[in-house]
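What follows is one chain in structure tokens, specifically the form predicted alone.
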């Protein structure tokens, strides 16, 4: 759903009584930090601002502040979303400063970092924010000149009359802020051909702060009087706390207190070192109440479920059983993936100060509104009593959607009556995480007269289906007899979204299967896909599918062209993969060479259709990061359980891809005037499939489970 602007004057734009110049036009999400911007490259810092409500603030000098409402987890929306506002406002980007807005459910809609939806969902709202402010400024200038607004235009924060008169935004802001707000629907938005900011690369607004070590991240946050906390949690899933002995912990210099909360124990101290050292000597006994699951159990259970049909299939077109019975050949393969941690560079952390008057929370969180409601429920407080300020995050990937660490911080502060900063160690992150569920897929097709006549996909997942709408994705619509079954297997291992949920493993499995199927049919891998898409477009079957054939075919053909598909130089082996997720179409070609009998991925050619590209430099960062992440986890993402306990506790045991292993990445965008779609996740799903297919071309070996390289083979 595209967010719409609340049209009421009270909620959309409210004029402040401040004197002097300046104006803040709110569309629910901007703010100012002029003291962080080098004054020599921008307009002078205003003495006065006029504040409308929540989005745009303009000072009498012409300096503009834009608030970024959504959480920043490295996807660069803190730069890209204000660019959209600044475009319609028609202000010079060098005169814009950006500030992270706090949680405000009245001002903003969807203050969430998840699903690669921030830009897509905010596109129209953000544009209207800038356009309304520009309209009010132009109308104010026209009134002063006793002219028609149609005779005025704007260039980089200057309203100009066709007769040559000019007034700056700074000169107009005070009076403009007193005007009635126009109906948002009545204000036209720019044509994409007139964009001067959107489509031009802009540097990350936090870049200087990141490079100079400014306190931007949750781990950096400090407050006077704050103490530090760590928490001991049950070491294995299915265990609960029986009793504990904190005698040795309280002897540690700097330890202030030990508090039990639920099945966890918090150590409070003057610093993180003392808190972690105190936790190390804390003695606790646990009892096993739930099943002590291990990886062997996970694998066997998944495969057992793949042999069953579900009571309520997710999709049924035609009759696969009949088609299988009539087929000349049945071809099937099974693919399996383990649980995976998020392994964010910045461990989980949060600040909390719970008092009788209010609950003050600060930290890195992808879902501030949901977290606010959960804290309110935990503490039996009104949500209005709880404020959440968002810091920049050192990685999210879905882990920071769940906010369990914020709830723990709130509970510890509530029990201790102190402002506390809860900090996870890396081991805490790995042992007490929220993991990508282990999963398995079985693909079964019927072949008659060298054509695919039936397609049956069976999924097994721990803790719920992760399919979402994927059951209506390609190749449904192209195959007359089509069925998707899903099995939900309960587990006491905590699971949740992991970068590109649903698609992160399914895409690899599907694309590896289609590649092997093409070989079985003696067809080119790209030609097989195009053949199926032709059927989906010209002779679709079954229920509607959720993809646009022309966009899908567009990226496939572009990737094939740019990679010189099928005509690689001698010694270069190519693998193809294409996938649609998060409203974006991606096709990738991986190129593998064999050096000293070791296959090595040297390049990935990627074609993307994501609509209008807001910030090309940031878009490339997201695309490259997704591809490298997808390749790295397909190669090395190995995570095992023994007796309910994870066996990897830190990076020395959990292998991530390393910089020298990252391939060259060549990116090609489909030129588009369509509204922008997601980019934080869509290039990850097809990456593993492209690599697997290239490896198969190079070595003849097919991979049916991830990781391709087991942990013991790469770690001493």
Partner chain sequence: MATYTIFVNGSSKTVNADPDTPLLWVLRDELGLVGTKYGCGIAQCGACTVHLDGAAMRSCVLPISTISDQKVITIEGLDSENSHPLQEAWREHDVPQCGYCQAGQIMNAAALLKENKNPSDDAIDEAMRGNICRCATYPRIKKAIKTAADKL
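Numbering follows the first chain given and starts at 1. Note that the structure is a prediction, hence the values are computed from the model and not measured.
The form predicted together with its partner chain is left out here; the points below concern that form.
*Asks:* For the spot marked by 273, 424 and 625, is every residue within 4.5 Å of its partner chain in the predicted complex through some heavy atom?
*Replies:* Yes: 273, 424 and 625 each sit within 4.5 Å of its partner chain in the predicted complex.
*Asks:* To verify the annotation, which of these, 582, 342, 279, 545, has a non-hydrogen atom within 4.5 Å of its partner chain in the predicted complex?
*Replies:* After the contact test, the surviving option is 342.
*Asks:* Between 184, 475, 395, 419, only one gets a heavy atom within 4.5 angstroms of its partner chain in the predicted complex; which residue is that?
*Replies:* Contact with its partner chain in the predicted complex is made by 395 alone.
*Asks:* Can you tell me if residue 295 lies within 4.5 angstroms of its partner chain in the predicted complex, counting non-hydrogen atoms only?
*Replies:* No, residue 295 sits far enough from its partner chain in the predicted complex that none of its heavy atoms falls within 4.5 Å.
*Asks:* Taking its partner chain as it sits in the predicted complex, is residue 676 in contact with it (heavy atom to heavy atom, 4.5 Å or less)?
*Replies:* Output for residue 676 is no: heavy atoms all beyond 4.5 Å of its partner chain.
*Asks:* Against its partner chain in the predicted complex, would residue 629 count as a contact residue? Criterion: heavy atoms within 4.5 Å.
*Replies:* Output for residue 629 is yes: heavy atoms within 4.5 Å of its partner chain.
*Asks:* Evaluate residue 104 for contact with its partner chain in the predicted complex, applying a 4.5 angstroms cut-off between non-hydrogen atoms, and reply yes or no.
*Replies:* Taking the distances in the predicted complex, the answer for residue 104 is no, it never comes within 4.5 Å of its partner chain.
*Asks:* Choose one stretch from 207 to 215, 320 to 328, 452 to 460, 606 to 614: the one whose residues place a heavy atom within 4.5 angstroms of its partner chain in the predicted complex.
*Replies:* This holds for exactly one stretch, 207 to 215.
*Asks:* Give, in sequence order, every residue of 645 to 662 that has a heavy atom within 4.5 Å of its partner chain in the predicted complex, or say none if there are no such residues.
*Replies:* Residues within 4.5 Å: 650, 651, 652, 656, 657, 658, 659, 660, 661, 662.
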